[in-house]
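Coming up is one lone chain in structure tokens, specifically the form predicted alone.
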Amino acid sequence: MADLLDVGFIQAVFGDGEAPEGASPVLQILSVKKINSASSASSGVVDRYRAILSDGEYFGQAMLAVNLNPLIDSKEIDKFSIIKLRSYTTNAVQGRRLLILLEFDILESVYNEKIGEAVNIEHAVANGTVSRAPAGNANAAPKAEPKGRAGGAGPGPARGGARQGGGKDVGPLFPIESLSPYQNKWTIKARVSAKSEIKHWSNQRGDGKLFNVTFMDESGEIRATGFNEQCDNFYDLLEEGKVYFVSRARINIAKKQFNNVNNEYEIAFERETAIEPCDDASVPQIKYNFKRVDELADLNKDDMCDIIGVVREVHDLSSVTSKATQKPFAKRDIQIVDQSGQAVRLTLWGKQAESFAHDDSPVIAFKGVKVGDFGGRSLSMFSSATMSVNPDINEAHALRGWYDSAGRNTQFNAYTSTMAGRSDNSAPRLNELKTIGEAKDENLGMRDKTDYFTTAAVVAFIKSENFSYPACANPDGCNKKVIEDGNGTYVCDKCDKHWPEPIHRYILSMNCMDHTSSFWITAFNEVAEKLLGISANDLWKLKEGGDEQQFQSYFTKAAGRSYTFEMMAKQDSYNEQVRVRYTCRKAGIPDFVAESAYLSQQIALFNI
């Protein structure tokens, strides 16, 4: 039965080091094993699988590309399955040769027996039965089926073999989506779609600098970073919009806390890295997925989006001080508009803010800007985002024609805090809500930075003790706590002023609950005044006047009511115990009609 398989392929790859050009062998999988450790799996590392492949005469080890993992998880391939390779490469890992499977067809998903009496190719090489390939062949060029794909399981390296660069053969080309840490020799031909500024850092281990770029080709995109010496070597060479050959760099697992590019891997430039310019218009230009300005209301806070618009206003350069470093950052706000009749504020930072001088109403395409909810909806352009002024694309030409003919004299609607589902009297978008149990299970607030979320809950109990504090009466809004100086006046250390009496402000402690859990939250003056329906100063006077029944009635009436709370969760320490402090930023009355409609839609998805 060994004639079902292509005998000789394993020997050609593992022994001779090279398979026939265009080979698409039929092989049998003798076993499949996950190679990740439990610790790596728990840290979010993608599962990797190793397989034993047999051609009926010899068997050898292979690694599956991660895009093939679903075939293993769904049991489409298993022990004794028969496959036909479409695309593959070889690599040397810890001195052992591995076959890297990139694409194949499944001929027999379920086969009940082992075909032939295959022996271990490594033992045959060690015994001298089969000669070992030279070490220089450890990374053979990727093999691919020259015909069209007949239903394989994923993308493979680029067809066409080697390419010429600078008058020399520089090896086979790989598409970006096929790169992985298990390949040592690869070359990509890609366009720089984004390039950051050089960033400097200083810590206990010394000083340093880095920059990053985003490469893209027709298969996908990947981020690359250069540190120190590589920053000096490549920063000026790499230019946005131009095409380059890149090779001899390291592939790592992407650190998603710093990388929002849609790829599970990232590139690190090294001393041996080679980057060569390439004059090739076939590599695609930047791909945009534009949202209209009026569609920003449908996006969530912190979403990333692409947007194109006309710059209608350019504000003066200003600065803000970083809370982390206490260093000033330059910022500039601009207003962009489009045919929807809506306007939105977009903030530029750093050198982009300093160098922006376009006051002639240009059309600008932005890629990867961050959505915020300040003032209803706003946008921020951080280092990972890019902008193209007056780009030569259809959307830009249409905007230019519209603005010059009619848009210049249009009255635009600006986003406000009462828009985008964020009014003070209505609930936020229902698909954003978290239950209290979900907020706790996700450990919101237990990280270094503050977490924000929205929940719908019932006020179960409000503490009437210590519901307020005496605040500075400065009309400019100091709001700092004051202390009595013993002479019948109150002193503010911040303002260095004395007041005959303070203005009381809320610091309300409430227990709120839903069907999953409960938690204690703190509501400050504006929110608490809305919940109780009386100012803290007036409520304090009721207490001081001895009208205990009237005083308690405000707390009683506020309990048992439902609200949507916009919350802030931050780690705190109390009596050497780490806990989460929940603070209410805003409270709104639920829209029960909208909530009922949303629940009906969710029920309809079950097709009951």
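The structure displayed is predicted, hence computed values, not measured ones. Note that residue numbering begins at 1 and tracks the sequence as displayed.
Keep in mind the form predicted in complex with the DNA is missing from the figure; the text below concerns it.
Heavy atoms within 4.5 Å of the DNA in the predicted complex belong, among the stretches 217-225, 469-477, 172-180, 111-119, to residues of 217-225. The shortest heavy atom separation between D338 and the DNA in the predicted complex exceeds 4.5 Å. Shown alone here, K331 lies within 4.5 Å of the DNA in the predicted complex, counting heavy atoms only. Although the partner is absent here, T321 sits close enough that one of its heavy atoms falls within 4.5 Å of the DNA in the predicted complex. Mapping the unseen interface onto this chain, E103 falls outside it, with no heavy atom inside 4.5 Å of the DNA in the predicted complex.
The contact residue chosen from K449, K75, H358, H123 relative to the DNA in the predicted complex is K449, the criterion being a non-hydrogen atom within 4.5 angstroms. Between the DNA and the residues A249, L99, L296, M381, the one pair within 4.5 Å by heavy atoms in the predicted complex involves M381. Every residue of the trio K199, E266 and R345 has some heavy atom no more than 4.5 Å from the DNA in the predicted complex. If you compare C-alpha positions, F374 and M568 are 3 angstroms or more closer together in the predicted complex than in the form on display.
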